[in-house]
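To begin, one chain is listed below as structure tokens, in the form predicted alone.
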């Protein structure tokens, strides 16, 4: 078994502490705001100028003036504020955002992040990824564990152009939750139906299994068979 994209987002949402300021990147991260536990207050930030962002808008209830950095329609929570790009990036560069949840193409054993360019593909630009990677204290990566060709995305060294070096603190994939430390990668949780040796077999660098390493607590509706594994 492994997790769906929603399963990865659900697990990240349970990890965010009360009262934290959290930037959500493009892709899987945009789903996180829909899974915050009832009663927990999280202030979601979008780099295009929103603080107090709610879940993605339901079909038929979109507001053309409310989008996130990925151009998806979003909602606002009571007390939300809107502002320009300079103000938004001042929050990021000034160290006022506690967590950044970002997608990734590759992550290295030392926490290097590559998430903005695949050689040969046309891209609009790096966007705010570099600012977030350097300006936010806790960078969380969400991604599938493997590429669409079945190759590991967690590597000894990244092969793609870096967004930032040594910035990733936690990696949440459809197979595992991994902490990046100066002593190496710590395997803290594995997806339902898997075990540490299976996760290691799909990870290039060695994983250190922590005491108390356990199966991820994610609802069954977010589980899937390995054959159905999706790409980022």
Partner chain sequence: MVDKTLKTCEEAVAGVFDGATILLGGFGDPGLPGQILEALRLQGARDLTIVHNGAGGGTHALGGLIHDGKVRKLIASFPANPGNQSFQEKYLKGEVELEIVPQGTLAERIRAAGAGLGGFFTPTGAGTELGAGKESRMINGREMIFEHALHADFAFVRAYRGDRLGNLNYRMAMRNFNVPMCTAAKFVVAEVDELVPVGGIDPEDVHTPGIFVDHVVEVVRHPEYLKITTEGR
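Positions refer to the first chain, counted from 1. Just so you know, these numbers come straight off a predicted model, no measurement behind them. If you superpose the two forms and keep the largest set of C-alpha atoms that fall within 1.5 Å, you have the rigid core.
Another form exists, predicted in complex with its partner chain; not displayed. Remarks below refer to it.
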**Request:** Go through 184, 165, 193, 55 and name the one with a heavy atom inside 4.5 Å of its partner chain in the predicted bound form.
**Result:** 165
**Asked** Going by a heavy atom distance of 4.5 Å, is residue 103 a contact of its partner chain in the predicted bound form?
**Response** no
**Prompt:** Heavy atom to heavy atom, is residue 68 within 4.5 Å of its partner chain in the predicted bound form?
**Reply:** yes
**Message:** Using a 4.5 angstroms cut-off on non-hydrogen atoms, would residue 62 count as touching its partner chain in the predicted bound form?
**Reply:** yes
**Message:** Given that its partner chain is not shown alongside this chain, does residue 91 nevertheless sit within 4.5 Å of it in the predicted bound form, heavy atom to heavy atom?
**Reply:** yes
**Asked** Taking 10, 25 and 178 as a possible spot, do all three reach its partner chain in the predicted bound form with a heavy atom inside 4.5 Å?
**Response** no
**Prompt:** In sequence order, which positions of 2 to 24 have a non-hydrogen atom within 4.5 Å of its partner chain in the predicted bound form?
**Reply:** 18, 19, 21
**Request:** With both forms fitted on the core, give yes or no for whether the Cα of residue 108 moves by 2 angstroms or more between this form and the one not shown.
**Result:** no
**Request:** Could you tell me whether the Cα atom of residue 75 shifts by at least 2 Å between this form and the one not shown after core superposition?
**Result:** yes
